[in-house]
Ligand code: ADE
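One chain is shown next in structure tokens, namely the form predicted on its own.
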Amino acid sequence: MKFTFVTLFPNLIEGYFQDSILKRAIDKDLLKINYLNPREFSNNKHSKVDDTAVGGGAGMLMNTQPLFDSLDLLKTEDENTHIVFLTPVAKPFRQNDAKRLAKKTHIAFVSGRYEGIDERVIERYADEVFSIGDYILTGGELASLVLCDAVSRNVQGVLGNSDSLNVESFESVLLEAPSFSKPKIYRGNEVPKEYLKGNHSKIRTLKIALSECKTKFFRPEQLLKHKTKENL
């Protein structure tokens, strides 16, 4: 699986892949990470990549020429590149999207800066556009990393135990049940006794009940979906 980050600041992203699971996946050639800097394609003598918005408005926009040329190169080198733009004014990214995108061979994440990207670039090149939440960041690099991480762990072989994918939050309507590690008692706080008895049927029943409690507290709208699904 190949990822290309289209960004003015590759150094903001590079460090994330220096450790842990994704580093091991890269070492095993399960993942490949590339960077493409639109500034290197600017035909401006000062390598500018931004300009004022037509019609007025605060701030600057990433303009068309550097992005058109850099994305043209991407598509020329690999016509199957799936280009994803990150912006708060888009549909929310969900776990099902991560699983679906993990089946692609090459995804490019385009990270905006300043006040955003000239809309003509998005209209011309976007295969999909996603938001990671209803808030504003200083750039799209963090959002690109969020998607890359979520997609990568669904690529076959990246996780040591692929079964762990099946029990995580958002694999069902309910949030994942609480987890516990050793010791059984720590500073007076005890692991639920049912977890310790080895009866997997009862443990499964308890986990469902705890998932419902957790979902009711943090995401009550999800619990309503669960109850509706049960009654169908």
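Remember, it's a predicted structure, so these values are computed and weren't measured experimentally. All residue numbers refer to positions in the sequence shown, first residue = 1.
Below, we refer to the form predicted together with this ligand, which is not included among the displayed structures.
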Picking from V84, A143, V151, I117, the single residue whose non-hydrogen atoms come within 4.5 angstroms of this ligand in the predicted complex is A143
Could you work out which of L71, I122, I132, A102 is the residue within 4.5 angstroms of this ligand in the predicted complex, going by heavy atoms?
I132
Based on heavy atom distances of at most 4.5 Å to this ligand in the predicted complex, which listed stretch, 133-141, 76-84, 94-102, 151-159, is the contact stretch?
133-141
